[in-house]
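This document starts with one chain, in the form predicted on its own, laid out as structure tokens.
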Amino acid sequence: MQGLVELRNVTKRFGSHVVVDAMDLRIEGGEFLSLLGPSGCGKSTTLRMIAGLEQPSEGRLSLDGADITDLPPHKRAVNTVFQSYALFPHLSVSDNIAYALRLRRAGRTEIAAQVRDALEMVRMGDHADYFPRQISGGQQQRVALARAIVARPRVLLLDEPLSALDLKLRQAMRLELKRIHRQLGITFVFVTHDQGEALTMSDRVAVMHEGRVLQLDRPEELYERPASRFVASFIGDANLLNAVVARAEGDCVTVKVGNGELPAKCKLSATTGTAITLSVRPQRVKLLQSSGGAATGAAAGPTGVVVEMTFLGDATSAVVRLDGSDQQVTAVRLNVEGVSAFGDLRIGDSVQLACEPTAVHVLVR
């Protein structure tokens, strides 16, 4: 399949500052891969090296097995959509899209057909004669996308293209990008700092930090089984708790947290007394009302006191300070018909924590 991109031991320095650090990355042909991370982690620089806008200090890049490290941007079968739309203000929508085709000296009939197809793909067919100043920001982004795909590149690079749009437009454009990706069947490499964008659109996500890929995985794996504290905290909301292994039998462990214990599934080698970190999503935490000790009939889970409750509209959040510890745990439950999912639970109430073993993910501290 066309569009296979490989980076082998790629490093990028600006002076003495290492922005991308010995990266090995394989982007499969036809997949939608997101580079996700905070500002300054090296994701945009990685994208620019694939585009040919930056040269790596070390390492090689290839596209479909051919080395492209030293090729100029216009000789790579790669196009880029930037955060700024960069449309020519004096050209109509159709002329903006046709610009690159005219540079390649394509025939008039071919240009007209490809521009029409690109406009239809981004659902802007009735705006061909408009000028950029006459259309909205979301529509300008669609035109920029059409301009990038009109020549059918093997790889489309998208550098935070939705960040300038408001929330509803961003959500709508996420769906449009997924639709266009399925329709084209080419490789999409999407740079974002927005975890929601990465999780909802991508086949795989590469979480980056300080120039390195910390975890490359499917969105579900990243969310349920993060490889490190950074990934767990960056992908969604997570309770990160310091704990100690109380008992271990195969891949089943019991961990001590605060004044109680929780069961967990653990693929890591963990022996009794090992200090670990737990990652538990707020939606997977159960709160059992208690009179200050263990709840009747429940396992000996850690107890605590509710210190904060927040109505979130469709859900309610409760924060619990664990007894015998300075740690806090957040639990989130969906409300039903406007009624709090936690019932009559109030700030100051004593509760006991419970979790399914599969909800407790063990990380090495």
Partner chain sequence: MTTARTRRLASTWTLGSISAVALFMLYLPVAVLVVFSFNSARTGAVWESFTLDWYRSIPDDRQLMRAISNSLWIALIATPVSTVLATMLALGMEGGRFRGKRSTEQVLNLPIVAPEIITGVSLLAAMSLALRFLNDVLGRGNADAIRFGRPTILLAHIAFDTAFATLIVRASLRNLDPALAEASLDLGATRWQTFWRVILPAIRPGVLGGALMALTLSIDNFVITFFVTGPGSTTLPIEIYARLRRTISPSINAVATLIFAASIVVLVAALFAQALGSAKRKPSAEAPVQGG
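Positions refer to the first chain, counted from 1. In this text the structure is predicted, and so the values were computed from the model without any measurement.
Below, we turn to the form predicted together with the partner chain, even though it does not appear here.
- Residues of just one listed stretch (81 to 89, 177 to 185, 202 to 210, 219 to 227) have heavy atoms within 4.5 Å of the partner chain in the model of the complex: 81 to 89.
- Not displayed here, the partner chain is kept clear of residue 273 by more than 4.5 Å at the level of heavy atoms in the model of the complex.
- Taking the partner from the other structure, the partner chain in the model of the complex has no heavy atom within 4.5 Å of any heavy atom of residue 247.
- Under a 4.5 angstroms non-hydrogen atom cutoff, the partner chain in the model of the complex has residue 139 among its neighbouring residues.
- Shown alone here, residue 125 lies farther than 4.5 Å from the partner chain in the model of the complex, counting heavy atoms only.
- This chain is displayed alone, yet in the model of the complex one of 322, 51, 315, 319 has a heavy atom within 4.5 Å of the partner chain; that residue is 51.
- A single residue from the set 214, 100, 106, 240 has any heavy atom within 4.5 angstroms of the partner chain in the model of the complex; that residue is 100.
- Contact annotation for 160 to 176: a single residue, 169, has a non-hydrogen atom within 4.5 angstroms of the partner chain in the model of the complex.
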